[in-house]
Each structure stands twice: as C-alpha cells, then as structure tokens.
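A lone chain, given as structure tokens: the form predicted on its own.
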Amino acid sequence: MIEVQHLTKRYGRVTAVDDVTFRVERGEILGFLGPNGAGKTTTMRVLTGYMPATSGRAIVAGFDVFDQPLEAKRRTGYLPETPPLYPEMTVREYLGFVARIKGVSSGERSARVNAAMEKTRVTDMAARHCGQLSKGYRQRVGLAQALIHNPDVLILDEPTAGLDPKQIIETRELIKQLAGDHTVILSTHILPEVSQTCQRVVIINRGRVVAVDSPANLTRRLGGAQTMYVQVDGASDGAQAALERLTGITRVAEVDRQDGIVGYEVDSEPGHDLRRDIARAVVTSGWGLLELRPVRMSLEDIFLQLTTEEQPGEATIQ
C-alpha cells in the first residue's frame, strides 16, 4: 500500500532524510519512531506531496507521489504536527469545507462530517469556532479532517500531541480501530505510542533507518545476551563467584541487597538457557532460591541503544 525506495531529501549541505527504504502493507499500522530532528516530519511531508524529494521513489495506494501526485493525494489523509484549522470557522463549517475541497459529493458531505466528528469525539464542539478550541480538541478536529474523505492511507504526525491521558487512550483506540480499513503511518517520538498501537516500527535516526520490525521482534533480536535476575537468600559473598564459574556466563552483577537477600543480574551467551544450571548451583550450595526470571530489554532500551550513538560531523533537520 505504501512503498518508499531510497528516499533522500537534502537542504543544501544538510541531509534531512538519507536513503530511507521501507514498506507498509494494506491495513497495517506502522510506527515511524525517532528522536526529535531525526527526519520523521520531512519523510511525512514527502509522502503526502507537501514537498519534493531530492531523490528516490514513494508509492502511495498504487500511485507514484511524484509522477501522479493528485491521485496519491486523493487517497491520503494527513494530520500534520500542527492541525491546519481556520480559527474563524466552526468545527462543522471547517469539516464541511474540507470535505468539499477533498471532493466529497454534496449528497454525502453532511453524513461524512457527522461520522468524522463522532469517530473523533468532537460532536459536542460542532458549533464552536476552531480558534476557541483547546489544544486537545484542535488535535482531534485535525484527525477528523484527515478521515473526512475515507482515504486508503492515513499519515499521522504526532497524533496525540497535547492530549490529556484520557484523550490519548481514546485516540490510540480509534487509530487501532482504523487498521484494516485504512493503512496508517504514525510518526512519533513517544515509545508507548508505538508499543501500544503499532504492529511494526521503523526507527529512524539522523535521517537514516536503523531498524525495521515488530516491537516484540526488535526486543528479541537486539536484546543480545540472555539476562536473568537471580534472588538468593542466605548466600555468602561467594555466591557471585559461584555463578561466574558456570559455563556460558559472561557477567554477574549484584543489583540489590537487603536483610541477607541478594539480587544478581546474570548475563549468558546468546542461545544459552542456563536457568537449570543457575538453580542447581544455588540450591546445591545450600542457599535459598527466591526468584529466577528473565530480564527483557524494553522498547525504550532498544530505542536508546539505536539512537544515542554519537556521529560527529552530521547535521539533521526535522
């Protein structure tokens, strides 16, 4: 449904997007994740035809964004980071105006406006001027205008920015309900947004794609060594040395100690399941084994690992 091939965008000497390639299947929600300034917004603007790329190709709903821009735009709903509202219009007037310029027929216009307001929960603000809306309501009206023409593709740039916790949960549920009927790219730097909403994630840093996979697979692939948390009761200071002697163990570190109970993080080589060996070593030494569980790398850990390496001499732009 969306295919991006070797997309590059330069501003003079600054490369904002650098050879980006990814694909989004029909009905999928893809999280486009990266720190501020990574190139997310620039990529979104290229995909929506808002700005041209320097090189590369982008296909949206079967149409080339550069060669067939009008056809691609007709099938795309876009929520930019700042919703494009007219402050002097009421919410209903604004959505009716958007429906008209997006080619919704006069016979369907009222029903589409009502449906979009109901989906995004702004019906109670229908008669309110857009300039008088709170930031949260402006964001939801922006989402309504993206949905108004029932597009095949939705491109949402920071869709929950400025919403309160209740509104964030409601918006996430709405986006999940849109999957299947719409193909969604959701750009964000908020990690829970991806893990709770998206089926796959593209992580971008300094304009380059550094990872593409499901959140669960990223955690599994990039977690590296297996890490276990071991809590031992009644152990002497020799417990750490005893664990370190086990074959396949690469690191043992004490992480907590209280009232004779000691907790260790134990790293093993990839592919080695040492739970039985660890349990046997603790029990045969006469200590009490209180806890033995894997320590999984979170999406936050993955994100930090992939995006915090310094690359001197490169400049980025959002």
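Heads up: residue numbers just count along the shown sequence, starting at 1. Since the model is a prediction, treat every value here as computed from it, not as a measurement.
FYI, the form predicted in complex with a small molecule isn't displayed, but the following is about it.
Visitor: What is the one choice in Val266, Ala38, Val65, Val282 with a heavy atom within 4.5 Å of the small molecule in the model of the complex?
Guide: In short, Ala38.
Visitor: In the model of the complex, is there a heavy atom of the small molecule that lies within 4.5 Å of any heavy atom of Val20, even though the partner is absent here?
Guide: Result no; Val20 lies far from the small molecule in the model of the complex.
Visitor: So in the model of the complex, does Val14 come within 4.5 Å of the small molecule, heavy atom to heavy atom?
Guide: Flag for Val14 set to yes.
Visitor: Should Thr48 be counted as a contact of the small molecule in the model of the complex, where contact means heavy atoms within 4.5 Å?
Guide: Taking the distances in the model of the complex, the answer for Thr48 is no, it never comes within 4.5 Å of the small molecule.
Visitor: Of 282 to 290, 252 to 260, 28 to 36, 55 to 63, which is the one stretch near the small molecule in the model of the complex, taking non-hydrogen atoms within 4.5 angstroms as near?
Guide: Within 4.5 Å of the partner lies stretch 28 to 36.
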